[in-house]
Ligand code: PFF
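Single chain ahead, by itself, as structure tokens, in the form predicted alone.
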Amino acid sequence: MGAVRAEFSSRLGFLLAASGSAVGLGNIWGFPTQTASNGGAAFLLIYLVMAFSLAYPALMAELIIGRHARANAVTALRSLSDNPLTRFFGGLTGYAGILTAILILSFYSIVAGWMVAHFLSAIFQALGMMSLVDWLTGFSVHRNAIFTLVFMLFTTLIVSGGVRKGIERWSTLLMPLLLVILLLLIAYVFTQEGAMQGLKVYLLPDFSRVIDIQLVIRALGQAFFSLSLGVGTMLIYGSYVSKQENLASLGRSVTLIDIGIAVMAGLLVLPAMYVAQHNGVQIFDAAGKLISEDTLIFTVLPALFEQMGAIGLLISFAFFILMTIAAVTSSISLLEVPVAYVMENHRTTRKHTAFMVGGLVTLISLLITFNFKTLFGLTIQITTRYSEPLIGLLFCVFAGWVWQRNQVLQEIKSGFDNAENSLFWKVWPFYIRYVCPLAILAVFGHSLLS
């Protein structure tokens, strides 16, 4: 299996695919919203510290385990020990990660479908087809179901193409496009009245907020979740990396790209919010709390686009294309987690497996769609508040405590000569053993208490 296992064709291919996995709606939507709700620049500052000092080491754990085992999460975690008990818990953790990936993709595809509907609405609005626009931007079971199906079909087709011809090819196309659209939107928003006020809020920290423990915990949670940690996506992508690559360098680059795009998204969304406020759109309530935090993308910003006239249609189209691209690059990595497991353990073809697993995810998505009030929030809560942190914690435990230290070093040394004398090796083992588990427990504890 190892000899014929697919690999990314180049370092750039891996970087764009892994960065695409990390750069999702959590970066373009979640990070700016969190920043606006938690002190602006103070949140940004703490987020940067947490991402580099804690999320990066946890990311490296998944990449190292994945490349060592060159297998899916279940097989990979089992391979780290000969002890029957730890092998059992390794398999259990892998299965939990696969189930979590399926459930996350199930609600994620619904939200992504909304993005597709909104960018199409800009086209039909330009054509004067307002009844169709109202249906596309309104909330209905049928709209949700149709666009969930459309999004999942597209995701499945990409994954069915394989590592190089599917995941890598589309990531190489979509990630540069995402960056270009993001930069163009930022440049335009900066020309609008009110943008500089939003930029000031975003970049000038109130240092009194930096010591707010609630803010620190939220920033840490955002850093972990924005890097796609805790479901095995980075483990799977790591399993497709050549032994000649320097994993420490690759992981650092993925972290930098992910954080960079999150920060750029903040440069777009926060100034745009204050442009909307300047134009009479209410964004904060009397107590200073962000209005419609969960639906900011579908309330405040569309209200701003509508006030811009004809150019607003183009901006709306570009913005929701941006959001759709971010959703696609993450969704293909989520689908790859269960697809890799089924292929490797049941010897099925990739195309057959992708459509079978994609179909299962779609059925769960439709079940959530037709029971939206009951299941949508519940699924998000179970996966992001409970499952992801606990699985992320177990990945750290396996990398730091179960796997023999010398074997870990030998894997890192593949593509990284003299790794034992590097700053990475002097710091990372301590972080993955002690600091990361405690940090994840802090996030999990905060989720439970809140």
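Predicted model, so just to flag it, every value in this text is computed and none were measured. Residue numbers run from 1 along the displayed sequence.
The next section is about a form of this same protein that is not shown, the form predicted together with the ligand.
- The candidate stretches are 151-159, 223-231, 180-188, 80-88, and the one lying within 4.5 Å of the ligand in the predicted bound form by heavy atoms is 223-231.
- In the predicted bound form, at least one heavy atom of Asn27 sits within 4.5 Å of the ligand.
- In the predicted bound form, Tyr341 stays away from the ligand, with no heavy atom inside 4.5 Å.
- Taking the partner from the other structure, the ligand in the predicted bound form has no heavy atom within 4.5 Å of any heavy atom of Ser365.
- Residue contact check for Ala76: none of its heavy atoms lie within 4.5 Å of the ligand in the predicted bound form.
- Listed residues Ser121, Thr369, Ser239, Ser330 were compared with the ligand in the predicted bound form; Ser330 is the one with a heavy atom within 4.5 Å.
- The partner is absent here, but in the predicted bound form a heavy atom of Ile104, alone among Leu247, Ile104, Leu235, Met115, sits within 4.5 Å of the ligand.
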